[in-house]
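Coming up is one lone chain in structure tokens, specifically the form predicted alone.
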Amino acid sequence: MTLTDTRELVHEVMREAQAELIAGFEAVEREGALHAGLAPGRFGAASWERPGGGGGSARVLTEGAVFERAGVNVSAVNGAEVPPSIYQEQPATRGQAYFATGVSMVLHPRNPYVPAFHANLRYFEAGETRWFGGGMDLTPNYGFAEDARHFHSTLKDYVERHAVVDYPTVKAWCDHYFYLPHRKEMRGIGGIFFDQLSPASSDDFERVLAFVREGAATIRAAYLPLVRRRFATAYGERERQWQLYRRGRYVEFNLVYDRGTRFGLQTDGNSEAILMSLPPLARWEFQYTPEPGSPEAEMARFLVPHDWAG
């Protein structure tokens, strides 16, 4: 298989994942809209081209019955020199031409009891080197142990069906990556994260690609049952304000630490598609501390590493 064939194959896998995920998210959006007696939201489409090479398709839903904002984007870009966000992690790639394709998604639900969700699956080439990366993580505002167990158990089963990564390693990597050092807490309850998964042979490539391809089905299995379980939960202004406050942590991570955001901006990607990951509304409050013993205060124990699938 030529390099061009490989790029086209992986890009098609990402486009297929986008279509499958949007179908799943729109299905649960329709269910929530029917329950609330509202019109369901739909994913709009906007294509973009990158002046330096490549482009993408941004699919975004706004002001839905279930999702206040949801986006599932696919991109494929190439350039003459690897951007700093890559060569700072892998110095040997500096000055190399590159190609990157992937699917990324962020979902910010309307109901504070429905957790936010993020995932991405990506493929990267720099010179003669190629690798896959990705991950998925859950960011609830209120902690439910049964939700955390379902999410992490589904991811563990997925990883263990494939002999390309080790579950304890990718789980710990996610705990470490989605961490806000200045807050001394995790962004959410973690998930899995892997990077620089470099196939050494054609057989390796097929195994890793199969792992990545199954990612879309795993996202639906891990996340959508939680949305269906919580989207009809009654809430008031207190819960809404807590949701907006917790979203502030999400914004802080994406703008300060997230490598995908930095990569997109450093490669002159479409800024609207990149910043789609931010919630439509968030808030900050100076030295805010939840009331001791409250459900909001209880969330703190979920924001530390925990073996939910154990």
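A residue's number is simply how far along the shown sequence it sits, counting from 1. All values derive from a computational prediction rather than experimental measurement.
Heads up, the form predicted together with another copy of the chain isn't pictured, but that's what we're talking about next.
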Open item on the list: So, a 4.5 angstroms cut-off on heavy atom distances: do all three of Glu31, Ala217 and Leu224 pass it with respect to another copy of the chain in the predicted complex?
Closed with: no
Open item on the list: Using a 4.5 Å heavy atom cut-off, which of 179-187, 121-129, 138-146, 156-164 contacts another copy of the chain in the predicted complex?
Closed with: 179-187
Open item on the list: Check Glu272 for me: does it contact another copy of the chain in the predicted complex (non-hydrogen atoms, 4.5 angstroms)?
Closed with: yes
Task: Contact label in the predicted complex: Arg50 to another copy of the chain, heavy atom within 4.5 Å - done: no
TODO: Using the partner position in the predicted complex, report whether Pro279 sits within 4.5 Å of another copy of the chain, counting heavy atoms only.
DONE: yes
Open item on the list: Can you tell me if Ala65 lies within 4.5 angstroms of another copy of the chain in the predicted complex, counting non-hydrogen atoms only?
Closed with: no
Open item on the list: Using a 4.5 Å cut-off on any heavy atom, which residues of 58-85 would contact another copy of the chain in the predicted complex?
Closed with: Ala58, Val60, Arg69
